[in-house]
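This document opens with one chain alone, in structure tokens, the form predicted on its own.
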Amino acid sequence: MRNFNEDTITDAVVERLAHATSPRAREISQALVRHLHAFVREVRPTQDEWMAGIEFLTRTGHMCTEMRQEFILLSDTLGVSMLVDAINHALPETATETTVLGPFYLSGPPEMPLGSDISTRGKGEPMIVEGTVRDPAGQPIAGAWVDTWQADAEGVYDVQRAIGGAAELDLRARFRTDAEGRFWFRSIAPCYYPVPDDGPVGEMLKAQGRHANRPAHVHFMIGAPGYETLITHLFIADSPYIDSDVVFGVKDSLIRSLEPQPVGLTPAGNRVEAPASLLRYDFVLAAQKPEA
């Protein structure tokens, strides 16, 4: 087969993929070709525009390091990450809703005792975070791991303050729930912030006439044997950009107000020695799906 043109090239490429190494590889590859070719036919790029696209993807790859994932950022800002999340998390109504992972998660965060202060620099409005981890029936899950990470009071993550390529870890930790499924820790109130806009994704957002901002939030990844791992945020009510999150991640059920917490005991019975803001949430994990 030869002499392909605009009308025949797509079918020819799809046919070449008929002998892929697995049915799933064939399905994905053929769908990619069909939709990519349809996109090109719709926008009809010039040769210069096509090359600009190639250069954009190349620069996106060059921006990726151990501390920064520009391709995740690209996926997030195009709404693809939330679409994949929605497709893969049709959870029971009682389970806590999921949202995007984001580009700043680090595996293996430092494990700390309950009640620890995760803000090593201590600059910002003091905040207490407390809650529970339960199953869909409302029973506590003891020993669940709770990873948390967040931006600081200036809207910056620890990995963005990396010196010499190594981050000074701050505002991230892992906790374990107690026998009653409870956890709590000390921190500082996060600030809204722009996603990194000094690279290709930032250029794309400007060209699209969009802002780069996310509302203030705290990240959580929570898991336990027998349960689906939960990836979610808690968004701070009344934060700027709560209705125009650049990565489309806000859900009403995940919005919580910061309540004033005076010296004394919190609603969960944790002792506070100085006034702070209180962020509370009771997480519910979905039971793990049986393997197909």
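On a predicted model such as this, the values are computed, not experimentally measured, just so you know. Start at 1 with the first residue shown and count on from there.
What follows is about the form predicted together with benzoic acid, which we do not show.
- Taking the partner from the other structure, benzoic acid in the predicted complex has a heavy atom within 4.5 Å of a heavy atom of L73.
- Put simply, V195 is close to benzoic acid in the predicted complex: some heavy atom of it is within 4.5 Å.
- Taking non-hydrogen atoms only, V247 approaches benzoic acid to within 4.5 angstroms in the predicted complex.
- Among heavy atoms of H219, some come within 4.5 Å of benzoic acid in the predicted complex.
- Stretch-level contact analysis of 200-208, 112-120, 96-104, 176-184 against benzoic acid in the predicted complex, using heavy atoms and a 4.5 Å limit, identifies 96-104.
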